[in-house]
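A single chain, nothing else alongside it, follows as structure tokens in the form predicted on its own.
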């Protein structure tokens, strides 16, 4: 029985992942109002019944999508952590990693959801606690990668400013390729952090 159950569980996980990824792509391309569970199922190559079994409503997909987005960001940071240098160059590399989190299709999909949630109470009620949890985890990992003591005055705010800067640059990157300007900002912000965080590591 175990041998039968495990492939079924794996297929279920695969189906769920395909639906979540299709939802993120759909939200990013068409926005919240242009997307249905049935449309997401079609995009994922999954039957409508199977989609509704996993996610009866779009809000359920949002919860799973934000979870995946947050975990993908953390996984990406951790995957790059092993190659981090030491000293001042480490800070610049961490800043670059964090700022680059907020580019690409996953961030674009998140922005679509945030913009709708600003005027949609039901979606906002779903998103706010999820975003708070994802934000706390991203903050915690950034502190770890920078190797700083957050109990020191101003350190928490500097780390949060780094994450907020990433989101702002992500917005600037929506309509045009902002890579060149982002590189310059990475260097300048890294220098600022190196000076301000020197006594907190």
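Not measured: the values here are computed from a predicted model. Positions refer to the first chain, counted from 1.
We do not show the form predicted in complex with a further copy of the same chain, though everything after this point is about it.
Trainee: Go through 66-74, 143-151, 22-30, 40-48 and give me the stretch that gets within 4.5 Å of a further copy of the same chain in the predicted complex, heavy atoms only.
Mentor: Checking each option against the 4.5 Å cut-off leaves 22-30.
Trainee: Please pick, from 35, 61, 169, 134, the one residue with any non-hydrogen atom lying within 4.5 angstroms of a further copy of the same chain in the predicted complex.
Mentor: When a further copy of the same chain is considered in the predicted complex, the option within 4.5 Å is 169.
Trainee: Looking in the predicted complex, any heavy atom of residue 93 within 4.5 Å of a further copy of the same chain?
Mentor: Taking the distances in the predicted complex, the answer for residue 93 is no, it never comes within 4.5 Å of a further copy of the same chain.
Trainee: Is residue 188 close to a further copy of the same chain in the predicted complex, meaning a heavy atom pair under 4.5 Å apart or at it?
Mentor: Residue-level check for residue 188: yes, a contact with a further copy of the same chain.
Trainee: Any chance residue 79 has a heavy atom within 4.5 Å of a further copy of the same chain in the predicted complex?
Mentor: Judged by the heavy-atom cut-off of 4.5 Å, residue 79 is well away from a further copy of the same chain in the predicted complex.
Trainee: Check residue 160 for me: does it contact a further copy of the same chain in the predicted complex (non-hydrogen atoms, 4.5 angstroms)?
Mentor: Within the cut-off, so yes.
Trainee: Using a 4.5 Å heavy atom cutoff, which residues in 92-117 contact a further copy of the same chain in the predicted complex? It's fine if the answer is none.
Mentor: The stretch 92-117, when checked against a further copy of the same chain in the predicted complex, contributes 107, 108, 111, 112, 114, 115, 117 at the 4.5 Å heavy-atom cut-off.
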